[in-house]
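Just the one chain here, laid out as structure tokens, in the form predicted alone.
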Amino acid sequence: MVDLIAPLHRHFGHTAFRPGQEDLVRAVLDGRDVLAVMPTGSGKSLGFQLPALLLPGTTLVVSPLISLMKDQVDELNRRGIRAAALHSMLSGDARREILSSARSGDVRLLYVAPERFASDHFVRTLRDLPVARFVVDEAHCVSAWGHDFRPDYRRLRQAAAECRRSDAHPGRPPIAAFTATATPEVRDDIVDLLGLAEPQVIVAGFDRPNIELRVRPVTGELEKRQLVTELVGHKRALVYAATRRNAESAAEALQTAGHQAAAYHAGLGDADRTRVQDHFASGALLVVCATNAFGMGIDRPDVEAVVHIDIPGSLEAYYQEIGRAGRDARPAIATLLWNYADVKTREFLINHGRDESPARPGVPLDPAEAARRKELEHKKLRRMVAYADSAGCLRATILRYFGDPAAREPCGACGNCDRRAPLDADTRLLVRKILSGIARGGERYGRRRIAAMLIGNVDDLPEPLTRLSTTGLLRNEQPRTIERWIDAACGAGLIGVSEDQYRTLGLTPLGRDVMAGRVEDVRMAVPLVRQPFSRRHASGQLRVRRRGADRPERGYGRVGSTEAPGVDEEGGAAKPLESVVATLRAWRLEEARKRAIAPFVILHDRTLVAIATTLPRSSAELHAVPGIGPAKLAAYGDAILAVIESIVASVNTR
């Protein structure tokens, strides 16, 4: 067996391989086709870089981004390993010189952009190039199911067939395909479309346990700007945005707060992108705000935080982007700022073209293929939304998506698992009622129908659901509240969901024990929803008067409504909503004058209505109100609670 430790130490300075690396290197050296699926940060590039130094000829590496090629080529040359890259930023003379060096065997690794294979002249030159291995990096780009599909990748199978093997054996050189983000369906696509012959498939664990996963609900762009400075702090960080405009806005917010930050996207000139990348690589720049595609080329091992200010287009893209953090194995935090309104931006980019589309269209898609592609992207976006909106373990959700058997929950290192707590008697009863509703329904329905049945909204339900003993059992709750509790119960292992398109709910053995009262120690991530104030039974406490005893509430109310939300002391008169809102507006106006800012900057009218409707009595309750994020809570929480106390006191003295 070939000794690999000596060349590993001589060329790369390491005395041992990371888990999975040695098996990968040996597979590539053996001469079989290889498909390697390994997480970002696992060192998969060594899987073709070390073999390139031990094999005769040149290893051809197809890489999708100039910045990614530049990073690797610069690092290899720094180590004394002759490497070069062919891309559009080079002059014709420079490209010819590189090809001449490769033909003579002076270049061990030659990086090539996939668009280069559109040139018949370039493909013909491959016949004169002794190729040891044909490497396809970011191989998910070949698949229409992949999150970063590149039509030019479809040319690679034929291009590899044109290459001359450096070992003089017949046929094309062995192909080694590498990716960090491939579901089982994408893996099958890669094997088929690249024409891999009985490949050795190496799938390493997807878990990055040193990266803590967080989802932070936000109300809009203003709160994002406030939070991004808090989340970045003094860390080395990457901030990802869906559009160039949002990347610029995030960089501006950070610069205003005194951070060393810069934007990085396709709208910048080549010189500006290179400058940002080099400054980040050297440590002169702490934070880069990047669009998703072009951010791939920005790399440092010591990134401590990754913040997504917009929802990514897929779980694959999200996983790859957060994988830029903690590559030195130190703790890092990945935070997604979640606002459902951002989904519209993603849908627009899917339907009308991406903000970061390549300048050249490559191989055009026929209309049928384009329509299928859009349908796939919408499906992947829905999966990403389900992750952002999940009450279950965030880490297990990602690992299950990629088919990693290591998925387990609670993981102990994500925001949802951190919020797991034992249920009190009231919330446990609520969960038992939901479980009973699923059981009474025969475990044949999905989340929305079960929620509608439980609140008594039977208009569009199948007839069997309209006459159950649990129909209308939770009529005083909102549908969204019930759905979030169902999600939380799924995350706690009480409810299972079918894998088919219908997503029907069923009880697990633990769920049946909880429903029957045999298990009372139940822990779950309690949803961040408002509990009705009518649940308060203590003497002297307040409760919400509802608009009709047999109708569910439909939200937090409307500006200008004259119906009472509000303070009703054991049957006493309630204070009209408009009066409570007026009191809050008066406070807001006074606060705005003190700070010399517009009133809406403090709180929007809809947030005032939400506060007036629910009348929160603690910081935790106030934080659950839509529009009250951590920054708002810190700045105005005590003052708002004092206003509410005065409102309550004025009613109680009547």
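In case it trips you up, residue 1 is the first one in the sequence shown, and so on. The shown structure was predicted, so the numbers you read here are calculated from the model rather than taken from an experiment.
Only in words, not in the display: the form predicted together with adenosine-5'-diphosphate, which the text now covers.
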Just checking whether P39 would be counted as a contact of adenosine-5'-diphosphate in the predicted bound form - the rule being heavy atoms within 4.5 angstroms.
yes
Although adenosine-5'-diphosphate is absent from this view, report whether G43 comes within 4.5 Å of it in the predicted bound form, heavy atoms only.
yes
Quick check on F17: any heavy atom within 4.5 Å of adenosine-5'-diphosphate in the predicted bound form?
yes
Exactly one listed stretch (623-631, 609-617, 45-53, 29-37) reaches within 4.5 angstroms of adenosine-5'-diphosphate in the predicted bound form by non-hydrogen atoms, and it is 45-53
